[in-house]
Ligand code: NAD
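Coming up is one lone chain in structure tokens, specifically the form predicted on its own.
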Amino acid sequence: MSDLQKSRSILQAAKKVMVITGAGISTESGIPTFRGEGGYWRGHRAEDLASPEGFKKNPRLVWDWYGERRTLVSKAQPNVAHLALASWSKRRGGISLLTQNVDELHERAGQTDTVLLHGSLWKNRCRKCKFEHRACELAYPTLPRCKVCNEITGPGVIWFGEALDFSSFHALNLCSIEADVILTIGTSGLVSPTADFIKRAQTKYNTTLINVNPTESNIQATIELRYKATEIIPELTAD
């Protein structure tokens, strides 16, 4: 029996499956990884563009970067892997999908109840009073201000140095406890704190971990499927 056949059998038998996605699924929709080639954008480190300190120092620069990201993501479409996961979740139930992506391509594919671990690119959040609202502007000639406290507001994403919000943290904890199988796509299983919960599930609950990634990673998975998400997810989730 091939690893694909084993994985399909394990997933079909599982009562509860926790799916964790990251940049690996969205790159196939034309969205580059967070850091980009070489880890820089116009000579600036990603850490300087996605941290409370960087925003405080130069909010105009940060919003220029996020404006480009919003423009790029607005043109992207969910790929067959996004669509297959959404269809699978609706057909069989018992699927919890948690994503580290902020592009909302899972939602556009029809996925419901997605846990946005790192927030959404299509929201604005005030770091002072925590007010958050939907915002789809692609550019801000004038920096946006909070409707509550009038502070300059930033994107509604989790930055370096920021913790997950309580609801996301709770969902991550609960799903990792209840899941019979964890399916990770790309290197999503290496990002903290998600990686810590996966490790606990493996060691404490003997949870099966299936990882889909075309290249070798340091994820200690039960089964490694060396494919791109678009190549394997439709087949893996087929009835």
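Here the structure is a predicted model, which means the values were calculated and not measured. The first residue of the shown sequence is 1; numbering continues from there.
A second form of this protein, the form predicted together with the ligand, is not displayed here; the remarks below concern that form.
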Out of 202-210, 53-61, 185-193, 171-179, where are the residues with a heavy atom within 4.5 Å of the ligand in the predicted complex?
185-193
Which residue, 96, 111, 124, 101, is the contact with the ligand in the predicted complex, using a 4.5 Å heavy atom cutoff?
101
In the predicted complex, does every one of 77, 84 and 234 come within 4.5 Å of the ligand, counting any heavy atom?
no
Would residue 16 count as touching the ligand in the predicted complex under a 4.5 Å heavy atom rule?
no
Please tell me whether any heavy atom belonging to residue 160 falls inside 4.5 Å of a heavy atom of the ligand, as the geometry stands in the predicted complex.
yes
Though only this chain appears here, would residue 215 touch the ligand in the predicted complex if you measure heavy atom gaps against 4.5 Å?
yes
Taking 4.5 angstroms as the cut-off for heavy atoms, does residue 28 touch the ligand in the predicted complex?
yes
Determine the residues of 9-33 with a heavy atom within 4.5 Å of the ligand in the predicted complex and present them in sequence order; the list may be empty.
22, 23, 24, 26, 27, 28, 31, 32, 33
